[in-house]
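Shown here is one chain on its own, the form predicted on its own, set out as structure tokens.
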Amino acid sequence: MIDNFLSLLFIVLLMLVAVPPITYLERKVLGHMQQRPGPMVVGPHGILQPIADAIKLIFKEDVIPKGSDKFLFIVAPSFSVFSALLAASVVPIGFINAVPMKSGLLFVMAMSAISIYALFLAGYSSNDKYSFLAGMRAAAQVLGYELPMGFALMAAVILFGSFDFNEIVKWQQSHGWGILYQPIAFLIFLVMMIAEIGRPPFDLPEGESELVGGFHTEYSGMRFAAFFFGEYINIIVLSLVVSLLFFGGWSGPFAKEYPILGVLYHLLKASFFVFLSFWLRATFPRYRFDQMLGIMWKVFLPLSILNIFIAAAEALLVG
């Protein structure tokens, strides 16, 4: 029990502490990819910029719009953070497994899908037409990516024979990484992961040009920051999950003899996918709403259904 509590504390602290450095790294990576220096003013090479941003947000006036649904307006940002932390709590990082769960993958996907409703609640409760439109976009976006993502995960589960992350990693330790057997599921999951966390090029619930600021137009101060905490924690969680499903999780040289190496391997693999989300943001133009739905329904949904049959054939052959 004490081990589980310490593991849970470690994971929650890791998620909360990792967000400010990741925001700094994202701004620097985007800056260099766009041939500009990024943050440079606060501290050496702007390294203290996240602290300056936090101080600004803490002391910024907290405004609740007139006519808004106050309860939902206040709850929505917390909902975003807590659903992301709940998802993080069941994801094992090497030997650190706070809440062992046989249906861990199913629980993570459920929590990750619920997090999008925080955006919808924020848009609905703000009493603002732009926020409301952004919330409706968030709800419609869920319908676009949930089915392909679900079918991609079902293909992986058919192959591995379990929803348990520990069993999934054990399967890969004896048969090889999951991406070798399910490259299509990996591709679909990667694209849907970007859509689920609302990152460019699928950041449709936001939009300075057509929706002012999007679902968070009326938010300020720490409530505004809470949405970004939820978003970045979801990036970390889904990066850990994609490493578990397709890249062997904590497997690696000498990981069995030295379990701490397994933690490092898993974090390094997940770090690559966090970096990849920055890279995609800097590379791809933003899709229009109809284009995004067209890609999801006409390309990825049929592909993900076809992949179910491929996974079933592989499961029969590999065992």
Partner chain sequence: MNDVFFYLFGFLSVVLALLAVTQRNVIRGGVFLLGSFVSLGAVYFASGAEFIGIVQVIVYGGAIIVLYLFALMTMDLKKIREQPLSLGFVSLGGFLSGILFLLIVYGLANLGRVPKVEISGARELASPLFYKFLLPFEVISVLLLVATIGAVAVGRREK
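Positions refer to the first chain, counted from 1. Since the model is a prediction, treat every value here as computed from it, not as a measurement.
The form predicted together with the partner chain exists for this protein as well; it is not shown, and the discussion that follows is about that form.
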query = Residues in which of 160 to 168, 180 to 188, 147 to 155, 225 to 233 have heavy atoms within 4.5 Å of the partner chain in the predicted bound form?
reply = 160 to 168
Contacting member of Ser103, Ser78, Ser220, Gln173, with respect to the partner chain in the predicted bound form [4.5 Å, heavy atom] = Ser103
message = Exactly one residue in Phe120, Phe82, Tyr130, Phe247 has a non-hydrogen atom within 4.5 Å of the partner chain in the predicted bound form; which is it?
response = Phe120
message = So in the predicted bound form, is the partner chain close enough to Ile116 to count as touching (4.5 Å, heavy atoms)?
response = yes
request  = Mark Met109 yes when one of its heavy atoms lies within 4.5 Å of a heavy atom of the partner chain in the predicted bound form, and no otherwise.
outcome  = yes
query = Might Met136 be said to contact the partner chain in the predicted bound form, defining contact as any heavy atom within 4.5 Å?
reply = yes
ask   = Applying a 4.5 Å heavy atom distance criterion, does Ile74 contact the partner chain in the predicted bound form?
value = no
